[in-house]
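So this first bit is one chain, no partners, the form predicted alone, shown in structure tokens.
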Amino acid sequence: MAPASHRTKSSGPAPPSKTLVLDNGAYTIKAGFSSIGGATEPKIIPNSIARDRDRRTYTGSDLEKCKDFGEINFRRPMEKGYIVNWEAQKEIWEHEFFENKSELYCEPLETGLILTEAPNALPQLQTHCDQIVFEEFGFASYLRCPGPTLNAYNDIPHHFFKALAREATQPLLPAEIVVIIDSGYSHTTITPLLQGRPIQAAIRRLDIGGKLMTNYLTRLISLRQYDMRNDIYLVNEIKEATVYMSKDFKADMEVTWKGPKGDRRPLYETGGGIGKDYVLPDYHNTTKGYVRDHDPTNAGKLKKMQTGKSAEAAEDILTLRNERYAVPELLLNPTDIGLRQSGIAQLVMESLSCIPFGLWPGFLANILVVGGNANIEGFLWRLNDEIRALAPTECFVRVGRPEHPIISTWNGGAELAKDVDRLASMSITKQEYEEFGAGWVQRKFNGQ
């Protein structure tokens, strides 16, 4: 039987010289090294293996070499936030971290690893992950933890009050009380943290993320304008460039209402300040689309050909109206598409219902949104408004986000890696794994 804490500062192997912090997201990997002297900026790597229409294959960061994203196919190792295809995941990791020419090349025997996972992962998936890390790659030390918990090691007060910043001389302590809303590609999770530890019974999950919203936008565009079902990558770019969270959903619906059948309203034709035109790339002259204000005189290539203009001079244009705000609205109202789940605001209150009421003011005043969906225009304002409507009147509600929400989890891991003693107490060494086995590792990471 393993002792509770058998490693001291004077015993056991020396800590690794550097730590690879790996926020392994379903859409992108945020990866970089952190050491006592400081941390580099993370590299954002597509977590996919892609093949274009010419059957060229792009692994991870090679995707930036692709010039034609039309009908490109992706193979992703993660589903619903969990690694389910280790064959593909290992291929991406080996390409990014273990090839001599790679930017983030490392020698596993001399490197520690901090690896994120989604909250409430299945034990079988966790055990398989531990085996891959130690038996396939052989990292010197290893910490597997839910991604949201690493955000507690960031300077949380600074996200709400920019004038306040933690001094470098202050000891690293996790945030005392904070709710992390992590909304990424696969799903959205609500995780209350107390002294840096998740309150397990209060964790909530919403099966809506960037992937579902992209698929929903693809369906709307394909029904109303062009068939975009084979251009998911392009639709994702359109989504990121155009969507916003409405401050008044009913009012925006009124503006973008077409009108009675056969009688289009002038406000609809002009766009009413909401309509935007997205100029599609042709992958010959342009490889990147762009957004501009809606111009009713531009009606696409077909009408330009009919008026005598050459097809080469024409543009393929998507006009987006209520799609812009109807797609992100799913985060707050999943029932709009028949998904029988609560929206984020309701889930926050459901999460707090598992916590003593005396802690509610602290949690409601420290709600931090991270992940790619935190960048949606108007999301924080609307979420703050929705939660305030549900929270007790005596509680102050405050919702904030980091300056760079996509890499916030990685930044927290990099801060933790600078505290060698704290990280060592939380990590497992390869020697310990070989001595005590996978079951002991599982119990330690689960706080048992």
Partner chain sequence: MINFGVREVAMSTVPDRPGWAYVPDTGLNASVTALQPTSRKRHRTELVGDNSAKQDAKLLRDLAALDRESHRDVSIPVPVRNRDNAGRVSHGKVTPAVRKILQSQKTFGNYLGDFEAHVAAGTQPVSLPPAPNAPRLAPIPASATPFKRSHKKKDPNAPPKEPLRKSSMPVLKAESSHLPIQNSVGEEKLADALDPPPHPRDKDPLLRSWIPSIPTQEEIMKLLTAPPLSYNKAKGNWTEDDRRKPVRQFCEVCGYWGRVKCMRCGGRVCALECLNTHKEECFTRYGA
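Residue numbers count along the first chain shown, from 1. In this text the structure is predicted, and so the values were computed from the model without any measurement.
Absent from the display: the form predicted in complex with its partner chain. The rest refers to it.
Among heavy atoms of P356, some come within 4.5 Å of its partner chain in the predicted complex. Its partner chain is not shown here, but in the predicted complex it comes within 4.5 Å of a heavy atom of R398.
Contact check for K276: no non-hydrogen atom falls within 4.5 Å of its partner chain in the predicted complex. Contact check for F98: a heavy atom falls within 4.5 Å of its partner chain in the predicted complex. Heavy atoms within 4.5 Å of its partner chain in the predicted complex belong, among the stretches 276 to 284, 237 to 245, 368 to 376, 250 to 258, to residues of 250 to 258. Not one of K67, K288 and W381 is positioned with any heavy atom within 4.5 Å of its partner chain in the predicted complex.
In sequence order, R422, S425, M426, Y433, E434, E435, F436, G437, A438, G439, W440 are the residues of 405 to 441 having a heavy atom within 4.5 Å of its partner chain in the predicted complex; the partner itself is omitted from this view.
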